[in-house]
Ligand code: SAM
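So this first bit is one chain, no partners, the form predicted alone, shown in structure tokens.
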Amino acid sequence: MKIEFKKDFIERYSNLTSFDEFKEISLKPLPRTIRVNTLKSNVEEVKERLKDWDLKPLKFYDKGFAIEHKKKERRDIGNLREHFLGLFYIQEAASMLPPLILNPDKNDVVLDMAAAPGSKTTQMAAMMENEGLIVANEVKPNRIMPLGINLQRCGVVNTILTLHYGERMKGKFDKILLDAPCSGTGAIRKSLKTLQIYNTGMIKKLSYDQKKLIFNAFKLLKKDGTMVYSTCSLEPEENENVVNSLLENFDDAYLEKIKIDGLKTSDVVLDFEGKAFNSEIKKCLRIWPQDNDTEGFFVAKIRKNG
């Protein structure tokens, strides 16, 4: 596959970050990372069972590890017995952040609005110790099966699956995770195809859909409830712009400062293509791939003022 960064992509991203650094890291393989599933195991047991592998703890999460074979003889961690048994979940490091920031507990009723394939759903279920309730929603029927399989493999019993358009859902929830469908420009390292299909028209369409999702998610949130909006996109239109639209349309929406020890972050975008965003956007989290050798990610923590 020929790897080519389009001219408009280069121009756009050169205004957002150091493009040379971004390009260099984007063409390197992602470190393989896993999350210990505490519903079925613990860190000590997983380390003991994976004696042939080096497990390096992530700086910001004690259940997450970078994993590499000691003799460099294999990379197929998905074929390990411990993976089939659900003792760990193969999950990109930055992907573990949204559930950590939402921080659901045993008494919460939680909506995971775009749940498949289940990495964040299973993480939240473990954080809740299989208590409370998670509604794991997906809009595409063909994505429900892998979601259900992952929940079963990980021993999750506090979750129900729904097949629905997120922007049309009803109900009331204590906490909501909206890990929105996005362009994936932060995950180029995982899918170089993103560079081929990239175009600004696609970004505008995604931004429009994301606004519909976040508006309805906020309506479903109980007073004093917490919502996390996240994407693996680095596009301001899909991130700061979407959160800014929420603040413009809902007077009872406000942002909470996000602080994760051990995680390097970058400045958010407060002005894009002639539009100035609310200064509260500074409280959001923007991570470039070169910051922590991960995927790029954006996270906003939103509270509904009671």
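Values in this document were obtained by computation on a predicted structure and should not be read as measured data. In case it trips you up, residue 1 is the first one in the sequence shown, and so on.
Keep in mind that the form predicted in complex with the named molecule is missing from the display, and what follows is about it.
> So in the model of the complex, are 115, 118 and 165 all sitting within 4.5 Å of the named molecule, heavy atoms only?
All three within 4.5 Å in the model of the complex.
> Mind telling me which stretch in 217-225, 80-88, 196-204, 139-147 gets its heavy atoms within 4.5 Å of the named molecule in the model of the complex?
The contacting stretch is 139-147.
> Indicate whether the named molecule has at least one heavy atom within 4.5 Å of a heavy atom of residue 128 in the model of the complex.
No, residue 128 sits far enough from the named molecule in the model of the complex that none of its heavy atoms falls within 4.5 Å.
> Does residue 155 make contact with the named molecule in the model of the complex, using a 4.5 Å heavy atom cut-off?
No - in the model of the complex, heavy atoms of residue 155 and the named molecule never come within 4.5 Å of each other.
> Using 4.5 Å between non-hydrogen atoms, is residue 180 touching the named molecule in the model of the complex?
Flag for residue 180 set to yes.
> Indicate whether the named molecule has at least one heavy atom within 4.5 Å of a heavy atom of residue 213 in the model of the complex.
Within the cut-off, so yes.
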